[in-house]
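Below you will find one chain, with nothing else, as structure tokens; this is the form predicted on its own, and questions on how it binds or moves follow later.
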Amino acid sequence: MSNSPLEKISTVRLGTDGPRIGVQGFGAMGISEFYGDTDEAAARDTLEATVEAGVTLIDTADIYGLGANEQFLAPFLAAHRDEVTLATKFAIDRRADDPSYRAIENSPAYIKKAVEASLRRLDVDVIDLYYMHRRNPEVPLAESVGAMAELVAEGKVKYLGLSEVTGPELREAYAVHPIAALQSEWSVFSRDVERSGVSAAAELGVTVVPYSPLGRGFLTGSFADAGKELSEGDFRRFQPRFTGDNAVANAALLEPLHKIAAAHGATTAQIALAWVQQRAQVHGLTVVPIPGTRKRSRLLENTGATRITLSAEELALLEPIAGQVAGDRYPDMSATSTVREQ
């Protein structure tokens, strides 16, 4: 491993009054679950590379590995707490004794319990950015955000975020307490957030944090058919876009990415990320994608995308892709903003 200093990425402000953070963040989910086995030593080295490269927004959630992801991050946070903007999430309730169980919990009582558990696992005194991971429409948004605001007043949380909410929901929440970040899936394959979330975020000064900006690896070419190539425990095997006829049709949509990557001497991953990063200029707001990886080399490849600018002609080649994608993002879309906007 080289000890030479890495070129740091540029910074932007989180929300209207938050800290300055790297223009690209890091999604830690895959370290603990969902994407197959992890080499923990390599993953820890990758975390060290985030700080070296200026990737300071580190994103986790209490459900990743049933809390294991937060625990895994704790030693890294202890060593780099002043250099990191820590984000975690609540709302998706899982049970260790029933892998199929899922519930969306937004009640104030649940929120107060969840934050204490996250603080304990992360071994920190305060969470920088605390997200509602998913919205349960049966709980009034004002109640949930009100409870989150109390955590700010108590000094347990600094800034609030929402994930997979619509533009109207974002505005409703912001009226209760300022929201620093909106996290939603956003990539050349997935543009649901543009229906209303992006315009509301731009209006309110909310940072958009795209998750899965690389299409869970599909846009990088790391697999072509999840059902045939990925391990039994990999949840991409059950996502409609990545298997069977859908996978074949969607792989054909990547040709413009390959063409543009060749022109830039870049990878398809870098072009896909550059597209997401450039949404900031297209929509007039702050955009901080959080690609995940367990390898230092991939992290450095990802940050290289922040220094690529796509031309108008190249953006035009990528523009129609999302509208041609076959299959939904999830087998069950009921907990996403897409359903509430229909």
Ligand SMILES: NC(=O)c1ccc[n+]([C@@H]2O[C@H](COP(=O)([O-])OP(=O)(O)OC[C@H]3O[C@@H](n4cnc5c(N)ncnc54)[C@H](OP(=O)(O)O)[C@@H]3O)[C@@H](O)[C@H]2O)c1
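Sequential numbering from 1, following the sequence displayed. Because the structure is a prediction, the values reported are computed rather than measured.
Note that the form predicted together with the ligand isn't included here; everything after this is about it.
- Contact annotation for G67: none of its heavy atoms lies within 4.5 Å of the ligand in the predicted bound form.
- Although the partner is absent from this view, N106 stays clear of the ligand in the predicted bound form, with no non-hydrogen atom inside 4.5 angstroms.
- Although the partner is absent here, L257 sits far enough away that none of its heavy atoms falls within 4.5 Å of the ligand in the predicted bound form.
- Although the partner is absent here, R279 sits far enough away that none of its heavy atoms falls within 4.5 Å of the ligand in the predicted bound form.
- Among the residues Y110, Y174, F72, Y211, the one placing a heavy atom within 4.5 Å of the ligand in the predicted bound form is Y211.
- Checking V51, M29, L285, L310 for any heavy atom within 4.5 Å of the ligand in the predicted bound form turns up a single hit: M29.
- Residues with any non-hydrogen atom within 4.5 angstroms of the ligand in the predicted bound form fall in just one of 135 to 143, 151 to 159, 120 to 128, 212 to 220: 212 to 220.
- Contact annotation for the candidate site: S163, P291 and N302 all lie close to the ligand in the predicted bound form (heavy atom within 4.5 Å).
- Contact annotation for 259 to 285: a single residue, A269, has a non-hydrogen atom within 4.5 angstroms of the ligand in the predicted bound form.
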